[in-house]
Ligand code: PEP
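The chain below stands alone and is given as structure tokens, in the form predicted on its own.
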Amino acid sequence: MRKILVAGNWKMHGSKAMVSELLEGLLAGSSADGKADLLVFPPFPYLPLTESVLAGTHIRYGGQNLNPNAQGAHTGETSGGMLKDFGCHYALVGHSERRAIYGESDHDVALRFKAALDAGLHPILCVGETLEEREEGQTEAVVARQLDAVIEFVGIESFRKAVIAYEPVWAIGTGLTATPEQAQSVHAFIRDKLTSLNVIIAGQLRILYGGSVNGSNAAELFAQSDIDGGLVGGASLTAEAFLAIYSAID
């Protein structure tokens, strides 16, 4: 059975005081034997502080992105090895903001996915459609294209160590949320696609929903058969809001 994973992407938010308070609050309000796993993605400068607070605890953490190269003349960039050096277990790849704002292509995302694996990290591959693409009936075609770019580059076996996050772009930071039925439909499409390649991997893979998840809608979303947790944005910035999602699981 797939255990629910609640992951918080802090994006470009935080301070030393905020990070310390938030992490201590999460530790106090969760446990290793809870019904869900907890994971946070702090901004890069706060990884040392995160490591000092979370080392040896049940809460995992990761990097919000990584450079495809292991090292080299890449000013301002962070490698998978560097993330691993600070105790990271995961790395986000292909978040919609990276694709839309910073121009990362499907191939760029595939390179980052492989770089995460090569560094011993678990990549969380983000896929999803814009509002225009949904209205044009292109949701499945867009998601399939984004998945195929990675599968064709690294192979289906690489997904044994991965997570997928479906994030409808139109529901990120807007307060809009796909209905549980809409979200489940896309999650089922993703799992069916992977099932056609490897039944075991598809059955074990966790697929998260990432579109304005909060304490009010989490239980209904996570109750869907193919939704295995959430990639949470704004509601992950306070312990109270994040733990409300963690505690909503039946």
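Values in this document were obtained by computation on a predicted structure and should not be read as measured data. In case it trips you up, residue 1 is the first one in the sequence shown, and so on.
Quick note: we don't show the form predicted together with phosphoenolpyruvate (PEP), though the next part is all about it.
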Checklist outcome for this item: With a 4.5 Å heavy atom cut-off to phosphoenolpyruvate (PEP) in the predicted bound form, the contacting stretch among 62 to 70, 212 to 220, 24 to 32, 47 to 55 is 212 to 220
Checklist outcome for this item: In this chain shown alone, the residue from Ala149, Leu111, Ala171, Ala119 with a heavy atom within 4.5 Å of phosphoenolpyruvate (PEP) in the predicted bound form is Ala171
Checklist entry - Is there a non-hydrogen atom of Gly234 within 4.5 angstroms of a non-hydrogen atom of phosphoenolpyruvate (PEP) in the predicted bound form? => result yes
Next on the checklist: I'd like to check something about Glu167: if you look in the predicted bound form, is any of its heavy atoms closer than or equal to 4.5 Å to a heavy atom of phosphoenolpyruvate (PEP)?
Outcome noted: yes
Checklist entry - Across 6 to 40, which residues bring a heavy atom to within 4.5 Å of phosphoenolpyruvate (PEP) in the predicted bound form? => result Asn9, Lys11
